[in-house]
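Single chain ahead, by itself, as structure tokens, in the form predicted alone.
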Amino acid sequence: MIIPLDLLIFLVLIITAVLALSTKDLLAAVALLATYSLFTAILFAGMAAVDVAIVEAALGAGLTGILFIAAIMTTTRRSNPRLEVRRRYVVTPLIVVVIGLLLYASSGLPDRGDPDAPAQQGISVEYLTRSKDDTNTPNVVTALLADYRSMDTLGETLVILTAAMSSVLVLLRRRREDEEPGGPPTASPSAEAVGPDPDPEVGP
């Protein structure tokens, strides 16, 4: 059953998401997105998903925010004005429909912590009963992430590393492109080959 604290966090998430999409100051938008990730981590922690909460807080509110701030410092802090305002009349109803479908689908979910829920049956029971013997690890979450799903965890780490390296390369390239116009002008090869034009007024 949803408790009032969950409803409050859900309301904060909606407000921060709307403000992040509507603000024209990109640095303020990054701060709002980091707040969104932080409250999402709190929501995950309240659902006893501590490992997911730690990842969300470290990456969503931490590393991703740093990369966004670095991109803003090397580009611009203000967003371009939106020319087509009519798209809002198409996107807004779609957002309302998606939210309504999500709320309708979540109404049939079992209560949190229900031992008879489908998520608590099947493979979950096998992990809880066999993880200590299979991995010699007392923490079931650590056994899942570092042993049973070790290749999955490695793939997620590679995705994060690739995204960070790509962001750094894009920022470095943008910085070089910004510095090139300010450098000393260079003559074109064709002009150097032809040489200076002779003055028609000066005789031999």
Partner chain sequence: MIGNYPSVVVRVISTLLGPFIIMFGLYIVAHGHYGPGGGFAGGVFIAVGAILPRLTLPEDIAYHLFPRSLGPLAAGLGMLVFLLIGLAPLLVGAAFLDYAALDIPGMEAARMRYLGILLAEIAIGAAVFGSMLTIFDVLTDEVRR
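Superpose the two forms; the largest set of C-alphas matching within 1.5 Å is the rigid core. Residue numbers count along the first chain shown, from 1. Source: prediction; values computed, not measured.
The same protein has a further form, the form predicted together with its partner chain, not shown here; the description that follows concerns it.
Trainee: Thinking of Val97, Leu102 and Ile123 as one candidate spot, does its partner chain come within 4.5 Å of a heavy atom in every one of them in the predicted bound form?
Mentor: No residue of the spot touches its partner chain in the predicted bound form.
Trainee: Indicate whether Asp114 is a 4.5 Å heavy atom neighbour of its partner chain in the predicted bound form.
Mentor: No.
Trainee: Is Tyr148 close enough to touch its partner chain in the predicted bound form, meaning at least one heavy atom pair within 4.5 Å?
Mentor: Output for Tyr148 is yes: heavy atoms within 4.5 Å of its partner chain.
Trainee: Is it the case that Ala45, even though its partner is missing from this view, gets within 4.5 Å of its partner chain in the predicted bound form, heavy atoms only?
Mentor: No - in the predicted bound form, heavy atoms of Ala45 and its partner chain never come within 4.5 Å of each other.
Trainee: Taking 4.5 angstroms as the cut-off for heavy atoms, does Ala41 touch its partner chain in the predicted bound form?
Mentor: No.
Trainee: Along 147-161, which positions have a non-hydrogen atom within 4.5 Å of its partner chain in the predicted bound form?
Mentor: Asp147, Tyr148, Ser150, Met151, Thr153, Leu154, Glu156, Thr157, Leu158, Ile160, Leu161, in sequence order.
Trainee: Kindly check if the Cα atom of Val97 is displaced 2 angstroms or more between this form and the one not shown relative to the superposed rigid core.
Mentor: After core superposition, the displacement of the Val97 C-alpha between this form and the one not shown stays below 2 Å, so no.
Trainee: C-alpha of Ala119: shift of 2 angstroms or more between this form and the one not shown, rigid core aligned?
Mentor: Where the cores coincide, Ala119 shows only a C-alpha shift between this form and the one not shown that is less than 2 Å.
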